[in-house]
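Same chain, two forms, each on its own as C-alpha cells: structure 1, then structure 2.
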Structure 1
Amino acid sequence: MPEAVPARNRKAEPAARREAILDAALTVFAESGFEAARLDDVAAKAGVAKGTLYLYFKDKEALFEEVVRGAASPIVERLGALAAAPDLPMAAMLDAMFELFEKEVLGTRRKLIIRLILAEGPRFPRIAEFYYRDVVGRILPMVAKIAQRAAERGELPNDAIARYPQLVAAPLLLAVIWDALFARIKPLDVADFLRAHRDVLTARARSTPQ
C-alpha cells in the first residue's frame, strides 16, 4: 500500500516557488504589517513548509525587502514611455498617467506595496532608499519635465508642478490611503476624483466628464 503523495509544490520550478512565496508574503505583510505577519501564514499560503522560506530568503526582513522591491519597475518603464511622447496635450498626458495608475496600481496588488512602504518604510530605511532611488526619484523628474514643457507651451498657468511634481502624485497617494482606511465608510469614485485632479492641475474652466 503506497502512501498517498500530496505532491503540492514538491517539484515546481524554483523560480515559481520563489514567486509563490513572494506572492503569499505580499498578502500576509499587507494584511498584518511586518511585525504581526506570521511566516507560518506565508508558508501555508505559498504551499511550502516553513523551513523552505529560509532556502529562498535569509530571514523575515530579507523576505520583506524582496516583496517590496518586486513589481515597481514595470510601471516606471511605462511611465517613461508616456513621457517620451512629447507633444501630447497636458490634460491628455495626465489622463493617461492617471489611467495607468488606476489600472496598474489601484486595480492590482501593487497598491498593497505602496501601503507597505507607507506603513513600514520609516522602520526600514533601506526600503525607503531603494524606493526613492528606483521609483520616486525616477518618476518625479519625468513628471517635472512634462510639466515644464507644458508650462512652456502655455498649457499650465505657472511652473508650480514643474517645481513640485509631487503635487501631481499626492492625490494618487491619497487614493491609495483612502482605499485602505475609509473605503468602507465613504467610498471614493477614483476615476472622477482623478478627473477633478486633472482639472485642477490644468485650471480647466469647467469641470466636465472626460
Structure 2
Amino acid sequence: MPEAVPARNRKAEPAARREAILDAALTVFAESGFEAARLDDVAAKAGVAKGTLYLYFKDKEALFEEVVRGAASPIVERLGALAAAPDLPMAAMLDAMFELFEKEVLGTRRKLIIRLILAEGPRFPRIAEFYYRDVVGRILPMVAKIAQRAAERGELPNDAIARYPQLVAAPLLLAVIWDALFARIKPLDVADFLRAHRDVLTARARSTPQ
C-alpha cells in the first residue's frame, strides 16, 4: 500500500507548480513578446497541461501581471525599508538603491521584464499602466520622500530630486538598455557609472569665484 503524502508536501506541490509556471512565462514573454507569447508554450516549458494554467491565472494578461508583480515586490519592499529610515543620508540611500538594482535587477532575469515593458508598453497601454501603478508609481514617491528630507537637511544642492525622482531612475534604465544593446560592443562598468551618477546628484553647488 503506497505511503500517504505528508500534508505539507501536498500544499507545496501547487505552490511549486505555480512558481514553475511563472518562471516559464517570464522566459516565453521575454523571447516572444507579449502579443506573440502563447500559453501553450508556457505550459510546455513549465511541464504542465495548458488547462492547469487556468487554475492559477484567468488569462495571459493576468499571468503577465503576476510575473511582474512577483519579480518587483521584493525590490519595492526593500526600497520601502530604505524610505522608512529617516536618518539615512542621501548618498548612502543612493548607494544602497544602486547596489540593489545592480544585484537584484541587472544581475538577474528581472531585467528582462524592464526590456519587455520598454518594447511592448507603447503598443499595449494596459501593460504600461499596470507597470506604472504597481512598480514605478510605488517607487518614485519613496525616492521623492527621501530626497525631500535630504534637501531639508542641506545634503543636496536643491530639491530637484524631490521634484523629479526620475533623475534617480534614469541611469538604471540606461544600464538596462545598454546591457541589451551594446554590452558586447562596449561593456559598461555599471557600478562605477552609478557611483558617478550619485556624485553628480549629491554634489554641493560650487561657489562662484568673486
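Start at 1 and count along the sequence of structure 1; that gives the residue numbers used here. If you superpose the two forms and keep the largest set of C-alpha atoms that fall within 1.5 Å, you have the rigid core. Computed from a predicted model, the values in this text were never measured in an experiment.
- For the form predicted on its own, the corresponding chain is the one labelled structure 2.
- In this overlay on the rigid core, Val176 has a C-alpha that sits less than 2 Å away from its partner position between structure 1 and structure 2.
- Remark: with the core as the superposition reference, the CA shift of Glu19 between structure 1 and structure 2 reaches 2 Å or more.
- Aligning the rigid core leaves the CA of Gly33 displaced by 3.3 Å between structure 1 and structure 2.
- Taking the core as the fixed frame between structure 1 and structure 2, we note the C-alpha of Lys60 moving 5.7 angstrom.
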